[in-house]
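Two separate entries follow, structure 1 and structure 2, each one form of the same protein chain as structure tokens.
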Structure 1
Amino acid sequence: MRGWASSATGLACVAVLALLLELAVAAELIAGYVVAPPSAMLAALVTVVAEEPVLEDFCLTFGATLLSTLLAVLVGVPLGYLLHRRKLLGRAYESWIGALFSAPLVLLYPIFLVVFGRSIRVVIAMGFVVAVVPIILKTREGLAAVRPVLVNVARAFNASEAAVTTKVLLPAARPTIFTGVRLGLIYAMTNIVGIEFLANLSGLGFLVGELYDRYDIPGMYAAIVCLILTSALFYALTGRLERWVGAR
């Protein structure tokens, strides 16, 4: 019941903001050629879905984001565990990895274009580079926050290191690790959409840029709405995945 109430409250807030924006554009407080009113966005959304390859672009952006994040999890979680186990490595490299977290890595896309070519590979590579950093940091943070008494009890029952890791450390650190995965998804999708926009690659980012070049402002905002819905879908999927893993 609480879940439905929170969802309804969120939708009500969105509806109120949309109404305020509609009134602001109608009153010419905001220029309509800069920000399209929500009514025009909805009308353009129907046209964009009917006339543009939205489903294909969605699949490309969604698939590239998902694949780059999965690769980041496969690399980031073991590296985070390594930095936790090897305290010297953790102290030596955590600040460098943290610096990468705040660095505008999207500016490296010309180098990635040269290395991977103008294809879907450059998109996945750019998504991976930015997604792996928060996953490493949050994995190490989550493992470091596990209460020592849990590990000591497991070892008192002669549990192996592998059992301690899989039965104690990783389950206890799961919420923090999934926070890193969500951050990785956000950063991966942001970079992927940016690369699609800058390099004129297929995807929702390219669609936004294409509609902007045509000066189809309502259509551009409709494409941005598609991006927001894609991000919301990722958030819902990661939440369900975390609950499923927790129930195992």
Structure 2
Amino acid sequence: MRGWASSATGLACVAVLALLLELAVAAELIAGYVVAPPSAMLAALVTVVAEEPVLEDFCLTFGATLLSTLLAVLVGVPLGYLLHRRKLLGRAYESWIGALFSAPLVLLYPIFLVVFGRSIRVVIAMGFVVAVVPIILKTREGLAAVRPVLVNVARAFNASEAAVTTKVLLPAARPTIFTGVRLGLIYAMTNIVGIEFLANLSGLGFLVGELYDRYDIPGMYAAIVCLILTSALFYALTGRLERWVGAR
């Protein structure tokens, strides 16, 4: 009941804000070429969806996000496992990988453009580079937090190393690893949209930039709203998936 009331209040606040914005633009308190009034935005949403390849751009951006994160999982989980098993490597590299977190890796995109050419491969490579960092760190963190008693019991029953890994360590660390995967997905998407926007590659980020360059302000606002809605949906879905993985 409470949850219902709070989401209704949230929606009402957004509606009131939209109305105020509409009035402010109509009264020329805010210039219409800076902020598109919500009514024009809604009208533009229809034309943008009808005239621009929105669905195709959406598929490109999200396909690239998923693919680069999948690659990051395939590389990052084994690397995290290696850092856990070889304590020396773990101690030597962990702070370096942590530092990569804070380095603005997105700046590498010009190099990737030259190496891979202007293609979807640049986008996937850039998504991969940022997604792999949290996946490695969270895999190692999850494996380190597995209760030793679980491993000892498995060893006591003469389980092989492979069985200990697949039947005990990985399942126990799964929720933490998935947290890393979720972070990786969001980082990859952020980076991918950024490169699409900056380098005028295809995808949702490109669409926003192109509408701005054409000075179609209501259309640009509509495209931005589309992007906000899809990333919010993405966030909510992966959050639900994370709870589901954690609960099993």
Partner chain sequence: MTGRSERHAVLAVRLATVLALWGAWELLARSGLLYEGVVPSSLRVAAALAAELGDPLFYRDALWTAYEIVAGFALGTLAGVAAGIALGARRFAAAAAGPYIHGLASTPKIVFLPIVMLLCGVGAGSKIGMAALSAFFPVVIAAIAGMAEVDAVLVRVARSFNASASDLVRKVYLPSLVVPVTSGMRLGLGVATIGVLLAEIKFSDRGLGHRAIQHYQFFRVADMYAVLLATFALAVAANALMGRLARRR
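Each residue is numbered by where it sits in the sequence of structure 1, with counting from 1. Just so it is clear, the structure is predicted and the values come from calculations on it, not from any experiment. If you superpose the two forms and keep the largest set of C-alpha atoms that fall within 1.5 Å, you have the rigid core.
K.L.:
Please let me know, 1 or 2, which structure is the form predicted on its own?
P.N.:
The form predicted on its own is the one given as structure 1; the other form is structure 2.
K.L.:
Among Ile30, Glu22, Glu52, Val129, which is positioned at a hinge, defined as the point where C-alphas switch from fitting one rigid part better to fitting the other better between structures 1 and 2?
P.N.:
Between the rigid parts, the switch point is Glu52.
K.L.:
Treating the chain as two rigid parts, note the angle in degrees by which the smaller turns against the larger between structures 1 and 2.
P.N.:
Interdomain rotation between structures 1 and 2, rounded to whole degrees: 14 degrees.
K.L.:
Enter the rigid core superposed C-alpha shift of Gly239 between structures 1 and 2, rounded to one decimal in Å.
P.N.:
Spelling it out: core superposed, C-alpha of Gly239 shifted, distance 4.8 Å.
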